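Below sits a lone chain in structure tokens, taken as the form predicted on its own.
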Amino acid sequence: MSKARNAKIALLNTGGTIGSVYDPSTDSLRPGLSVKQLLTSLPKGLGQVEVITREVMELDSANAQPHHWQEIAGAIKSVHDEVPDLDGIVITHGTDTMVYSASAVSFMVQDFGKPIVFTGAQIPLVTPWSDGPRNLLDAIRVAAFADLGETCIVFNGEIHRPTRTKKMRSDSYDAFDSVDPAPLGTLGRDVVLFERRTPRHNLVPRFDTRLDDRVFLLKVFPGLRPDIIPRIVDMGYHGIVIEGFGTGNIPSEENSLASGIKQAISQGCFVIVSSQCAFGQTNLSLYAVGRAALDVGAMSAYDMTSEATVVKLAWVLGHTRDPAKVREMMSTDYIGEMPLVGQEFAIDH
């Protein structure tokens, strides 16, 4: 009987806290460790896992831009083409914008059929009590062995779907939470995966990095003037995600935002209303203050997070500016970003 081959994964380094070092010239942390140095923090040999390494960028994720999402997706395609028998891919990334980057990769690399795992750390690897070694080892474990066929975030013993995830804590090891529903799985002695995940498969991967980075995220607050919305359009933005209160509510009397939304839409801008709440869904039909946005042509984010809505709108507008097609694509669940649509969640009409 032939011996089973070792698992083979690719480790792509993009920077972030996990690889940060102290810079005396600025008295602060900055990315500085190479991908080879990251691996030195792990047990020698890694058991039955062969690791292929790639340097993609050395970036604090607060500096990440949409073109960096495209570069990461391009690096995934490159290593996939070079090493077709990979079992999975791990990407080290800063936690500040990991949800955005991982969500973008989820849209740009569909049907990959193997785990694409984002991970990082809250404390640099060079610090003795860093959470980096555990997170990196967990990520490699998921990429190599887990029956998972989608992009995920592995952090603090949990496996999250990026488009259903928020960074909730700036200091705790437990940086990320999944929002409605629970994580894709957990890591302990065993890797425990839940049924709603996408298992491994052999479909042909689809790489599509088209994006329109002219998407604006606007948070509603008491006193926000409606004339800010058409000014955003005048700045050249093609889409606006408005974070409303509660279920997507906006002011409809004094400082009503409806007129600004209507003017933006008339100028060819696409407006999506999401919720400032971490948990729950946008329902513009529930209250008159939500209906005010719906009646002038705004679209609902349904159960998407604001982060996922921004990334999805950028991805959709990279493909079309046709209003009917944009509305259709924004209401389509592509990668589990809208798990309640068509189920127990009622879509706004």
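Here the structure is a predicted model, which is why all the values come from computation and not from measurement. So that there is no doubt, residue numbering starts at 1 and follows the sequence shown.
The form predicted in complex with a small molecule exists for this protein as well; it is not shown, and the discussion that follows is about that form.
*Asks:* Taking any heavy atom pair closer than or equal to 4.5 Å as contact, tell me whether Glu158 reaches the small molecule in the model of the complex.
*Replies:* Answer no; every heavy atom of Glu158 is more than 4.5 Å from the small molecule in the model of the complex.
*Asks:* Though only this chain appears here, would Gly94 touch the small molecule in the model of the complex if you measure heavy atom gaps against 4.5 Å?
*Replies:* Yes, Gly94 sits close enough to the small molecule in the model of the complex that at least one of its heavy atoms falls within 4.5 Å.
*Asks:* Classify Glu50 as contacting or not contacting the small molecule in the model of the complex by the rule of any non-hydrogen atom within 4.5 angstroms, answering yes or no.
*Replies:* Flag for Glu50 set to no.
*Asks:* Flag Thr17 as yes or no: does it have a non-hydrogen atom within 4.5 angstroms of any non-hydrogen atom of the small molecule in the model of the complex?
*Replies:* Yes - in the model of the complex, heavy atoms of Thr17 and the small molecule come within 4.5 Å of each other.
*Asks:* Ok, Gln122, Thr209, Thr198, Asn249: which has a heavy atom sitting within 4.5 Å of the small molecule in the model of the complex?
*Replies:* Looking at Gln122, Thr209, Thr198, Asn249 one by one, just Gln122 meets the 4.5 Å heavy-atom criterion.
*Asks:* Please identify the residue among Ser306, Ser61, Gln70, Gln281 with any heavy atom within 4.5 Å of the small molecule in the model of the complex.
*Replies:* Contact check passes for Ser61.
*Asks:* Taking 4.5 angstroms as the heavy atom distance cut-off, pick the stretch from 179-187, 95-103, 265-273, 214-222 that is near the small molecule in the model of the complex.
*Replies:* Of the options given, it is 95-103.
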